[in-house]
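Shown next as structure tokens: one chain only, the form predicted on its own.
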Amino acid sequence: MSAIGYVYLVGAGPWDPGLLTVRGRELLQRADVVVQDYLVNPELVVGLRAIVEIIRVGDPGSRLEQAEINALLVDRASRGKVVVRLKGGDPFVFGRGGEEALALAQAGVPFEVVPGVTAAIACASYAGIPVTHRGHGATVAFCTGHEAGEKDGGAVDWAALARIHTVVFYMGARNLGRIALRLIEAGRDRETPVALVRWATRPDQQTRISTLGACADADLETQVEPPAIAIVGDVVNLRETIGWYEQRLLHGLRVVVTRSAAQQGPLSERLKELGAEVLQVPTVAFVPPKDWAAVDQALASVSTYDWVIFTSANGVDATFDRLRQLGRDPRAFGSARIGCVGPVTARRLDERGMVADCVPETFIAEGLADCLNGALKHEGVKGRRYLILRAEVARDTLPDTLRALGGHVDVVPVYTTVAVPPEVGLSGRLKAADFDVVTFTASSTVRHFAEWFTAEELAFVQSRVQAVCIGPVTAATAAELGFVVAATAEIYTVPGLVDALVSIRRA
């Protein structure tokens, strides 16, 4: 037998990946094997080392028995592997972590238990219900809904449970009627409020408020499907005032973000903060030009131009990265002035150590042309030299305008936009139009997104899904290709795009 490995029983929390502990995240980066509960957010295992073996257990229809999971952990550890057993909630709170720890101890396998945010606490917090509150609840109990729902009541002391201010039942949706009846029979008031929280911490979280009496009299199984947590107690009434999660502006809205993988972050994170469910499906990627000769030649003489113009942050990055590869720095620009299409591009330029001389109020090529023309009225455009560093495929509005005014313009592509296919597993969801809104941040994202579908599939998606665009040029492309444009950002930036999404939600 090879050297014994190590097993970490890690609590992942209920769903929100932000609730994983720092220790848990650190261990995932070291793992050779991850044995993952099916209710754990799959985002937690994205980006792990390529050699990591990921084993999902507990999936409906292919569920391993607990003894088989125990044997799996022992087997992988016996091969010298570092194993992370990634469990929903906390391993030792109705998570069978104790059973797994016993099996590991009996097999002589070393292990560590990493606590997680247990579902009862997370569900209550995200529903706006403090499980304890001065004047409302000084005692709290956690109980399994399965055992409590048995006809004989299982091993539950109902009389004792009825006296506790707040009681949380795990997986209590299917047995809630029987649980409510038992509590009432044990002396709990029929008007005691009950909250049933489904898919807690997810963008589609739902909370239903009732009373013990109503639960005992009605079958709620058809109204709230598992998985759900039931919270019983006067603290439930506080939700009306401090409920926050489901009140967020975009709660439950399913949004496709089509930006490149490198640019997904700011938009996706802001949408998530506002409650949206974000499907990250990059339609484009940015690659270097096939031949650097034209770029290198332009950069060799960049100081001879009157103006150097950037039409995107990507252009700034590509230019300065190449400049660095050539062993040069921003001093190469000499006295050339810099124009940027908008504040995002100007901010990226600032990060590279330079300040833009011209940033238009309208963040499109036409706006930049007007800005340059206005800035040069005292000296004239005619006879001036302009270097435009941009994508290989782009509109010619800016160079055509400057040439019409008598300027000498060189257009040099510093990167190329290429299409990328949707990730495996997302195609079906996209073709089923299992989302509400698709965001477009450039005409290229519209075109490449549309290319993923057959004509029939695209027509179906467009009949059910709205488009929100970052600016009028992108909106025009979307409309031309048959999308219903629900909103266009008034300010052509990511924050402006988010504001446009909020506006249609409020409408």
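Keep in mind the model is a prediction, meaning the values are calculated, not measured. Residues carry their position along the shown sequence, with the first being 1.
What comes next is about the form predicted in complex with S-adenosyl-L-homocysteine, which is not displayed.
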Would you confirm whether the three residues 93, 197 and 227 all fall within 4.5 Å of S-adenosyl-L-homocysteine in the predicted bound form, going by non-hydrogen atoms?
yes
Contact with S-adenosyl-L-homocysteine in the predicted bound form, heavy atom within 4.5 Å, among 341, 84, 119, 180 goes to 119
The unique member of 309, 176, 123, 167 whose heavy atoms fall within 4.5 Å of S-adenosyl-L-homocysteine in the predicted bound form:
123
With heavy atoms only and a cut-off of 4.5 Å, decide whether residue 39 touches S-adenosyl-L-homocysteine in the predicted bound form.
yes
Tell me, yes or no, whether residue 88 is in contact with S-adenosyl-L-homocysteine in the predicted bound form, where a contact means a heavy atom of each within 4.5 Å.
yes
Under a 4.5 Å heavy atom criterion, is residue 171 part of the interface with S-adenosyl-L-homocysteine in the predicted bound form?
yes
Contact stretch among 94 to 102, 263 to 271, 232 to 240, 351 to 359 - heavy atom within 4.5 Å of S-adenosyl-L-homocysteine in the predicted bound form
94 to 102
Within 3 to 23, the residues that have a heavy atom no more than 4.5 Å from S-adenosyl-L-homocysteine in the predicted bound form:
14
